[in-house]
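The chain below stands alone and is given as structure tokens, in the form predicted on its own.
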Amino acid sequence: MNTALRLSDEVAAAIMAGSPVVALESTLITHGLPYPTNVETALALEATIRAADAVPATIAVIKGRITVGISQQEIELLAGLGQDEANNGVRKCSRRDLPIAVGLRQHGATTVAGTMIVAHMAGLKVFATGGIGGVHRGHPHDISADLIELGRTPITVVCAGAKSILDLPLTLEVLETQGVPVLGFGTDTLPAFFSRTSGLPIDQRVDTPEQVAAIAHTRDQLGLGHGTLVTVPVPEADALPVDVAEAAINGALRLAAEAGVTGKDVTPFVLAKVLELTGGRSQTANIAALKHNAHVAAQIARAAAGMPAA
């Protein structure tokens, strides 16, 4: 075990016993959702995983310690500090940021990429999130670190597709270049985060957790070293119709351009505007997807725990 990691007693015991564990990110607590919805959602995801007979492991950096399985008190700490890094807030941690946060003993919330890295360090196999990053619309060279990490870290990532404010066809192209198989869990097309489908093809439909576990197990046996993306449609009752989501996204992107928002500020700005333009429905879809993905991930982790060592 990597000595730079601090594992909670629950997570450490589960790993020792070979029990199923599901990793969870922490940027939804600090950067993704408002207070107190962020705390409520983080705890609900952990409860969902436990209800499915697996152990949750929310990952973050606490005062420079990379922690796998933060406590409720630490979740509330991160939620209270928020994202104001200039005023001793919480650093958003991808690969480039982890040594900074640890070296300077900062608090850090792990992104999809950051969570994948730490989960792999800890020996975990499955990670649940909402939507991954991708290629930005109109900016084909602005590519999320999530896609690159999926190409080099062997973790099974369960999500509702890439965030639909992004360029989904180009995102799939980058995933193909990185050698990442995109699976559709109970679907033949790529989910579109807020909506159940983008109409875009995936590499393989899977209908059971055991099929996902078999694919990931074979990946590891072959020593391929890449991740596996499992895309799960948001529950129908909470999904946004595609036309409603697209209208809000296009409106939000126009507002971002008019305001001169660029770079890493685009995604949070656009997501906030989409929330306004949909009257809160986008957040409802996001939270529903998070919970459903956590449930599916727990099933996959249980199936993976039953596989022989790679």
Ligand code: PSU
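Remember, it's a predicted structure, so these values are computed and weren't measured experimentally. One rule holds for the numbers: they count along the sequence shown, beginning at 1. In this text, rigid core is short for the largest set of C-alphas that superpose within 1.5 Å between two forms.
The discussion below concerns the form predicted in complex with the named molecule, not included here.
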**OP:** Among 247 to 255, 26 to 34, 44 to 52, 62 to 70, mark the stretch whose residues have heavy atoms within 4.5 Å of the named molecule in the model of the complex.
**Re:** 26 to 34
Original post:
Taking the shortest heavy atom distance, is Gly227 within 4.5 Å of the named molecule in the model of the complex?
Top reply: no
Original post:
Taking heavy atoms only, is Gln283 within 4.5 angstroms of the named molecule in the model of the complex?
Top reply: no
Original post:
Is Asp146 close to the named molecule in the model of the complex, meaning a heavy atom pair under 4.5 Å apart or at it?
Top reply: yes
**OP:** Report yes if any heavy atom of Pro209 sits within 4.5 Å of a heavy atom of the named molecule in the model of the complex; otherwise report no.
**Re:** no
**OP:** Identify which of His120, Arg196, His136, His107 has a heavy atom within 4.5 Å of the named molecule in the model of the complex; exactly one of them does.
**Re:** His136
**OP:** Would you mind checking 153 to 174 for residues with a heavy atom within 4.5 Å of the named molecule in the model of the complex?
**Re:** Lys163
**OP:** Using a superposition on the rigid core, decide whether the Cα position of Val261 changes by 2 angstroms or more between the shown form and the other one.
**Re:** yes
